[in-house]
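First, one chain by itself in structure tokens, the form predicted on its own.
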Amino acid sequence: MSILITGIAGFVGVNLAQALLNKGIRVCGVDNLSRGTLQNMATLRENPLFSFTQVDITDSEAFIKVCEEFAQQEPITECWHLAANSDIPAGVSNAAVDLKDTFMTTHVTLDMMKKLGITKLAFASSSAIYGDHGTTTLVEDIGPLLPISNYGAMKLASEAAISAATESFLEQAWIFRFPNVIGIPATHGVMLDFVRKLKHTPDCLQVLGNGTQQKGYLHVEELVDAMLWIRAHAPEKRALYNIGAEDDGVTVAFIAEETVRVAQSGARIEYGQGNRGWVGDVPRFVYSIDKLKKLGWNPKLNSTQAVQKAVRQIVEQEQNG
């Protein structure tokens, strides 16, 4: 068997691929390298069970050709679709960004799978599909779903397209609603942004918003572990699960303070106004992972511990990079 991963050069894709290779599973991956890098995959590319081709998924003809070539080496038994626009503000400024990179990548991936007879799909969705429910605990069947970013809207549209595909050709769909995922190799996100800001202005860290934004954070190593657990144990044909830490999260102010402590002790922190870092940012959400816990998986780190671990890793990444 072999598994196809889209968006493989991103930090979730790299960590997922390594976990699968460690199990002796052949992995083939595609990425347009708009954010992920070849360097991220350096260790993966040393493994004879790993294959990679750079391609834009929305170029349907080129993408399908690449997948056919992979399948000639060994049949593809399932696809993990991680490719998406990860820059939410960019999608707010230009809705075409998320239409192309978040939804159309899903549409073309489903089309490819149907043509090649691949009937199992794992999909990286997001907490952004819920919208802003304040302090209401987000369970998988809450409604209405009213995303406030184009990214969230296109992830929700992707979920709908996948659900429809389970009525026609998909035998299995695993849909993972990600929290804020952190770790390395970091390609974007608030921690990487803070570390790089401190490189340019070592005496001061400027923060978008007033620092009160509060969310749960999960380390990428635990995210991968949870996804593989769901894949192995979920009984539903449409397996839809929140993945996250089991707490109310931490504030942006805590992340800023921790980053300063590790990267540039003594730097002052200057906060902006309001509780949103950007348009489309949900300032606070609380995830329920009761469904996932009933399946038998529990996180080992809380949000504080995950942030502390990721900050240390990202500072080291940037120092060595």
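Note that this is a predicted model, so its numbers are computed, not measured. The numbering used is simple: start at 1 and walk along the sequence shown.
The same protein also exists as the form predicted together with a further copy of the same chain; that form is not shown, yet it is the one meant from here on.
Exactly one listed residue, out of A153, M113, V224, A245, brings a non-hydrogen atom to within 4.5 Å of a further copy of the same chain in the model of the complex: A153. Taking H188, R196, R238, H233 one by one, only a single residue has any non-hydrogen atom within 4.5 Å of a further copy of the same chain in the model of the complex, and it is R238. Judged by heavy atoms within 4.5 Å of a further copy of the same chain in the model of the complex, the contact stretch among the candidates 133 to 141, 77 to 85, 215 to 223, 247 to 255 is 133 to 141.
Although a further copy of the same chain is omitted here, in the model of the complex all of I148, S163 and E167 have a heavy atom within 4.5 Å of it. In the model of the complex, a further copy of the same chain lies farther than 4.5 Å from every heavy atom of K120. a further copy of the same chain is not drawn, but in the model of the complex it has no heavy atom within 4.5 Å of L192. Under a 4.5 angstroms non-hydrogen atom cutoff, a further copy of the same chain in the model of the complex has S93 among its neighbouring residues. Interface residue remark: M104 is counted as part of the site for a further copy of the same chain in the model of the complex, having a heavy atom within 4.5 Å.
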